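Single chain ahead, written as structure tokens, the form predicted alone.
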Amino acid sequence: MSVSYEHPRPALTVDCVVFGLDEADLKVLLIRRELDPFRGRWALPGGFVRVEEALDDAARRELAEETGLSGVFLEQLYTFGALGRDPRERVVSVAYYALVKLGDHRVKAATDAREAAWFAVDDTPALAFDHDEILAVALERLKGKVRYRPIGFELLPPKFTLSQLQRLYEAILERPLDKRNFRKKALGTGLLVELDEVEQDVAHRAARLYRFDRRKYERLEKDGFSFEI
């Protein structure tokens, strides 16, 4: 049975804050808009939710359509619904944040995105809509969550050094960390597996490689294990 509503309803969109790590710099993926409003301005990837779509599916579709990214870590962030946030009409947006290993994905702009590019999070242009606010909220969420959930490993290659791991945390938290104390905490989680391998083709002394034991973490989490670095 069809139902008609007397009162106007807002449109619904999804926006995605995509983070990646380049050496010691935390990056965010932006698209340059092809269409009005804000044509030619940089913005977060995203778009309108289809009537038959779940929110998560819409976020993944928009991300794939506008940047070519798929199969990435994606989690719902917050809902933004300030009046006037979109000059076209009343629009409510559900924002997501994604974590990407830069070496595993090649971005490619399509549909209504003129181009897609990575920017350092501390050197982004003024963004369209309220996307500056969405990015700021996503950064704060990432800073908080990386301390008690091992989501940071989504930004690292499968095999990494302890120095790479420390640079990741320093880039996200935006402050230096004591090397000795950090390594003690990281190894103390029991979730880093030391490999019989070292770095290759480096000018300095090759460091030992490690991997994150995701299966062990998932087992421990069920028993109430608390991850903290």
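In case it trips you up, residue 1 is the first one in the sequence shown, and so on. This structure is a prediction, so every number in the text was calculated from the model and none was measured.
This next part talks about the form predicted in complex with the DNA, which is not shown.
Engineer: Each of 163, 179 and 202 within 4.5 Å of the DNA in the model of the complex, by any heavy atom, yes or no?
Structural biologist: Verified in the model of the complex; spot residues all in contact, yes.
Engineer: Within a 4.5 Å heavy atom cut-off, is residue 183 in contact with the DNA in the model of the complex?
Structural biologist: Yes - in the model of the complex, heavy atoms of residue 183 and the DNA come within 4.5 Å of each other.
Engineer: Though only this chain appears here, would residue 11 touch the DNA in the model of the complex if you measure heavy atom gaps against 4.5 Å?
Structural biologist: The answer is no: residue 11 has no heavy atom within 4.5 Å of the DNA.
Engineer: Given that the DNA is not shown alongside this chain, does residue 208 nevertheless sit within 4.5 Å of it in the model of the complex, heavy atom to heavy atom?
Structural biologist: Contact check for residue 208: yes, within 4.5 Å of the DNA in the model of the complex.
Engineer: Want to guess which of 66-74, 52-60, 183-191, 32-40 is within 4.5 Å of the DNA in the model of the complex, heavy atoms only?
Structural biologist: Comparing against the DNA in the model of the complex, the contact stretch is 183-191.
Engineer: Considering only 44-59, what residues come within 4.5 Å of the DNA in the model of the complex, judged by heavy atoms?
Structural biologist: Residues within 4.5 Å: none in this stretch.
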